[in-house]
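The chain that follows stands alone, in the form predicted on its own, written as structure tokens.
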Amino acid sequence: MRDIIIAGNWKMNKDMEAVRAFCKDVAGAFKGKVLGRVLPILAPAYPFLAIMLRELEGSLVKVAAQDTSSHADGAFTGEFRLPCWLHGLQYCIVGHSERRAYHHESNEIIREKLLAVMDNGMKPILCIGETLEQRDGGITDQVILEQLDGCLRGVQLYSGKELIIAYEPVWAIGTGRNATGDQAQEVHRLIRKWLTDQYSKDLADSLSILYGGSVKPQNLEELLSQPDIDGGLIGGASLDSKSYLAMMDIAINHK
């Protein structure tokens, strides 16, 4: 059975005091609670990774990096190096739409980062998704398949537990406009079919695929009711501890 993942991507938000307060709220709320197959993940800004790891040590919450360099070392000003800078983390986001748009990351660059994450014993959260122009142009499927082909070319997967995929329609991020459950499910079904064709049905059935695009407590239940949606990669709604905990409760109680 696949994990239901409630992953918060905080982007460039919060300060040290706010991070500590959030960790205190969440760690206290989860104490003694049975989460079942629900997995909470939080990805703070880089300066707060060590703080969050320390504050949440021994808790059920996993900490993720928002990005990484594909290089082990060298003259790469401003980059972050996996083996030492991100030591102790279990997850890392790669290919987020903002990295693709603002930093011009290609599928090949994202593939190199994904492999670097895996080579260091961590699990990538691979983001894929189409822009509004691409959706309106009727090429959503083409874009998604090209991203999957490019980012996972030659990548060896065996169980489906080595990777998490997050489908994030760019037109639904930070806009308050989200895909309906049916719209999201169409793309999730396409992704799972691609995994079946490229790897195996058993692997495809084991790999968690998240939806990311204005996910909030008000629409999470509808999304989770879809057969191929296994949680969310959540931005703004994950910044408030009450909102995040509400989404965790929805996931825990989801049948």
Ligand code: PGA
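When you see a residue number, it is the position in the sequence shown, counting from 1. Note that the structure is a prediction, hence the values are computed from the model and not measured.
One more form of this protein, predicted together with the ligand, exists but is not displayed; see below.
Chemist: Check K14 for me: does it contact the ligand in the predicted bound form (non-hydrogen atoms, 4.5 angstroms)?
Modeler: K14 lies outside the contact set for the ligand.
Chemist: How about G213: is it within 4.5 Å of the ligand in the predicted bound form, going by heavy atoms?
Modeler: The answer is yes: G213 has a heavy atom within 4.5 Å of the ligand.
Chemist: Would I173 count as a contact of the ligand in the predicted bound form, using a 4.5 angstroms cut-off between non-hydrogen atoms?
Modeler: Answer yes; at least one heavy atom of I173 falls within 4.5 Å of the ligand in the predicted bound form.
Chemist: With a cut-off of 4.5 Å between heavy atoms, is H96 one of the residues that contacts the ligand in the predicted bound form?
Modeler: Judged by the heavy-atom cut-off of 4.5 Å, H96 is in contact with the ligand in the predicted bound form.
Chemist: Heavy atoms, 4.5 Å, the ligand in the predicted bound form: which of 164-172, 143-151, 112-120, 68-76 makes the cut? Say which one.
Modeler: Among the candidates, contact is made by 164-172.
Chemist: Along 221-237, which positions have a non-hydrogen atom within 4.5 Å of the ligand in the predicted bound form?
Modeler: The stretch touches the partner through L233, I234, G235, G236.
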